[in-house]
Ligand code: SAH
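Just the one chain here, laid out as structure tokens, in the form predicted alone.
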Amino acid sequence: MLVGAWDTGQVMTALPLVFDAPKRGLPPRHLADLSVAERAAAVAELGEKPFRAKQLSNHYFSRLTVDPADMTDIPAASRSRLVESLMPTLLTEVRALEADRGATRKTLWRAHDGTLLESVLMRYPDRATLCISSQAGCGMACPFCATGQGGLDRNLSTAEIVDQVRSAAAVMRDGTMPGGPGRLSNIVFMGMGEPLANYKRVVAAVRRITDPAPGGLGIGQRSVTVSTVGLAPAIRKLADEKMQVRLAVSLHTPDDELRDTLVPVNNRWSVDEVLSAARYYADTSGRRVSIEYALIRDINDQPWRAELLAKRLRQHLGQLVHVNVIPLNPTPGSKWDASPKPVEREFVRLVNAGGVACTVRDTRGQDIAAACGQLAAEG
């Protein structure tokens, strides 16, 4: 996630060579799963005029409502049937926890099959950022990650991903958080799951999030960040989508020996392969790549690793990179701990001295089961 307290949750481990989620039923078809043309066809299948699809889209993506009572431009006789068929309830709020004087809101959702997932809304003076989940659980098995410790439950559908965003946009619009009404401005795929292991649905979700209303939610592509632990072929495939989303790579160490343990997918795609794919993404998109680095006491915080990190990033990415150092938020019972502040400051200094921009990420929500997956694990 965008903040250090949660970002370590998105790091996944992939010991399996196949990244498919367990075979569990995805939710019923939803408007947000469909393209504009597919929505018109779906409405026609129900015996309604195709223009009803645009009306439904306007309510969902522009007015952010799924309540039939609000859809007064649609005849009452058609309204309930259209909503029941194309806007089934996807996510039900189990509970929401607040931190940082209400500026951070973490929501636990229950899907139609009982699956639990999380999203986090963070309000800043100049923006509001939502960290969303792309899978329930995670199959990447990174040992310091709360989500990875729990394993992968299933992929989320496109609409389940998008509905997290719609709900947060409504929270901002309605002024539910301190600061009054506002606008959701940024989306980061840094919650539960490895986004690129659910590639097709994540790309479709990005398009729904960024398409202009009423086709989508109208958030700019440059305000969306997709994170990955380093599925190199999928990074290259994402580059070929020709979108303007930012890529964030959870690297966590510059050497293969340690990364094989911290991020087991590294056994399949090495640091060099991941950084080469990241360079392809930067060259194709014209956008700087973010490198996420969760700093762990006595594990990956040595000065020589800071120097090696700067060297390898400079070699592969030149100036098209920025390092986000993330103070680790330990999970209960974990042997992993955050590096002391003096060590953190020296690490950042050395990376910057090595010619690579490096800053410490702001941390949020440390008092509300902040690491990704902790709230879902508690049920």
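What you are looking at is a predicted structure, and each value in this text was computed from that prediction instead of being measured. In this text, residue numbers run from 1 along the sequence as written.
Separately, the form predicted together with the ligand exists; it is not shown, and the next lines address it.
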Among 103-111, 164-172, 193-201, 304-312, the region lying within 4.5 Å of the ligand in the predicted complex by heavy atom distance: 193-201
Interface residue in the predicted complex among Ile209, Ala159, Ala294, Leu238, criterion: non-hydrogen atom within 4.5 angstroms of the ligand: Ala294
Distance check, Ser227 to the ligand in the predicted complex, heavy atom within 4.5 Å: yes
The ligand contact in the predicted complex: Tyr281, any heavy atom under 4.5 Å: no
Interface membership of Val323, the ligand in the predicted complex, 4.5 Å heavy atom rule: no
Ala32, heavy atom within 4.5 angstroms of the ligand in the predicted complex: no
Whether Ser119, Ile187 and Arg364 all lie within 4.5 angstroms of the ligand in the predicted complex by heavy atom: no
Residues in 128-153 close to the ligand in the predicted complex, defined by a heavy atom within 4.5 Å, in order: Phe144, Cys145
